[in-house]
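The chain below stands alone, shown as structure tokens; this is the form predicted on its own.
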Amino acid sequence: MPGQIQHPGYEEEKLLRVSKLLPCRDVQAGRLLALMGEPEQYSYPSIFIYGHRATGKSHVLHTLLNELELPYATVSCVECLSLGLLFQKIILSLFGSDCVPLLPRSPSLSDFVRVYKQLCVQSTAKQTKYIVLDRADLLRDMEANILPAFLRLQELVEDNVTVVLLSEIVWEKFRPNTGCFEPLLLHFPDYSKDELQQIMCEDSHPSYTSELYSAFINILLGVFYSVCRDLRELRHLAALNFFKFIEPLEKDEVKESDIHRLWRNIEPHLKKAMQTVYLREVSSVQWEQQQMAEKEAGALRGLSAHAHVELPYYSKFLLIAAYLASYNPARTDKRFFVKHHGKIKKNNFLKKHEKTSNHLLGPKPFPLDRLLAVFYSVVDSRVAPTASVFSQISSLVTLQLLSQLGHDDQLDAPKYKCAVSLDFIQAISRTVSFDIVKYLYDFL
């Protein structure tokens, strides 16, 4: 049978069930099973599994361990704030809660090895035990002897145990500088477009035909595949947008076979969703509420129409500085940001065209150097003008919170305009405890 995992040490019925649970990952599952060997055989001391996020590393491994009924312990290194917690979880999963008190309150590596060997003598296991360390790259931040010890734990505890490390980075960047035992490497490549189509079509809605859902997934991947290969993110986007896709069907405006009209209906919403891939500026419930509001308003809204968007700390101050530079006359910067500016009355430097509120006239363009000068004045801590600051300005332009002007002329410095409303910038300012109204010329 094509695509079926085969191994002489396991029942064919179990392997067939595993194959059905692991679509498009039978090759990697077969290789992993070959590395693991038969249950009673001594396995290799350590296996290093790596690949990008959502490529099936953890899913394949745990499906094999569960379906083939192999003894294992899974520990997420993100959850283990200390070595003691890491050791306790391993002992708990492999030997039971009664054995955890054998460890001291703050166990060292030698304490863990001693207790493990003691428990192995009391209950000798016939099958290979597996210790799965998820997000294993965090082991590099622990004591220097922890990673080398786990790689050769089988030798230290004198037991048939294999440590499996799961990571998103390659082994060359993982290997300690001091050298260590080399694990077996297994790479999980990204899913291809056809594989993503096959996997996502298994989530088809029971109320609609599989052909309709397959057409929807094909449209979704046509839009997002160039910018996103993450299966979890794509599934999230599919769940959010499917009901918008079938909206004309529920209103009896089109037939299922009219995919072109269904595509025209969903296209603007997929383009808007493209701006929020990985950003998670809103929850799924908020997204649905926004779609309902847009339906009533009859128009799609941009990022700046939301009441709140989660931005990095310095990006918030950059946006605040951009708003001040857009709505304050340049000559007022000295009044707001220089300590000993002397007494300057508002009426003394009002010109005819400035008697109208700047907020009614709209945002005015400003150069990059003025933006940075205001930014360094309003931010609390000292920030060096690094590439990180400039990249955050580019991100604000990409998110359409800033508008860039005159970027075609390479000799002239770029100019920007702030593209957010007063309510929006006040909401952003509150998150960093900055009273922006005190710095706006119109509110003096």
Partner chain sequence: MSKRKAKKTHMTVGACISQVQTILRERFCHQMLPEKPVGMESQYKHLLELLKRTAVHGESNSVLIVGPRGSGKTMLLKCVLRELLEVTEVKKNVLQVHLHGLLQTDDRIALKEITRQLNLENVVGDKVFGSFAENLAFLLEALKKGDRSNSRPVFFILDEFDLFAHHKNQTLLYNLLDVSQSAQAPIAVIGLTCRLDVLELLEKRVKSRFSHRQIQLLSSLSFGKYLDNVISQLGLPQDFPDTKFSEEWNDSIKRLCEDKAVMAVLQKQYNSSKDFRSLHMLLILTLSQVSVSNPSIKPADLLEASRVCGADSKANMLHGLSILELCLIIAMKHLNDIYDGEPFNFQMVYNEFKKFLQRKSHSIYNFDKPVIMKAFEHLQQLELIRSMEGSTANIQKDYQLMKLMLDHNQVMECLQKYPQCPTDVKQWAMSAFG
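Residue numbers count along the first chain shown, from 1. In this text the structure is predicted, and so the values were computed from the model without any measurement. By rigid core we mean the largest C-alpha set that fits within 1.5 Å across both forms.
What follows is about the form predicted in complex with its partner chain, which we do not show.
(message) Within 4.5 Å, heavy atoms only: does residue 421 come near its partner chain in the predicted bound form?
(response) Residue 421: contacts its partner chain in the predicted bound form.
(request) Verify the contact flag for residue 263: yes if a non-hydrogen atom of it lies within 4.5 Å of a non-hydrogen atom of its partner chain in the predicted bound form, no if not. (result) Judged by the heavy-atom cut-off of 4.5 Å, residue 263 is well away from its partner chain in the predicted bound form.
(request) Would you please decide whether residue 210 lies within 4.5 angstroms of its partner chain in the predicted bound form, comparing each non-hydrogen atom pair? (result) Looking in the predicted bound form, residue contacts with its partner chain do not include residue 210, since no heavy atom lies within 4.5 Å.
(message) Can you tell me whether residue 38 touches its partner chain? I mean in the predicted bound form, with a 4.5 angstroms heavy atom cut-off.
(response) Residue 38 belongs to the contact set for its partner chain.
(message) Based on heavy atom distances of 4.5 Å or less, which listed stretch (166-174, 119-127, 252-260, 329-337) is in contact with its partner chain in the predicted bound form?
(response) Answer to the contact question: 166-174.
(request) Give a yes or no on whether every one of 65, 93 and 269 sits within 4.5 angstroms of its partner chain in the predicted bound form by heavy atom. (result) No.
(message) Could you pull out the residues of 20-55 that have any heavy atom within 4.5 Å of its partner chain in the predicted bound form?
(response) Sequence-ordered list: 31, 34, 35, 36, 37, 38, 41, 42, 43, 44, 45, 50, 51, 52, 53.
(request) Using a rigid core alignment, state whether the CA of residue 84 is displaced by 2 Å or more between the shown form and the other one. (result) Result for residue 84: no, shift under 2 Å.
(request) Once the core is aligned, please say if the CA of residue 21 is shifted by at least 2 angstroms between the shown form and the other one. (result) No, the C-alpha position differs by under 2 Å between the shown form and the other one.
(request) Answer yes if the CA of residue 66 moves 2 Å or more between the shown form and the other one after aligning the rigid core, and no otherwise. (result) After core superposition, the C-alpha of residue 66 moves less than 2 Å between the shown form and the other one.
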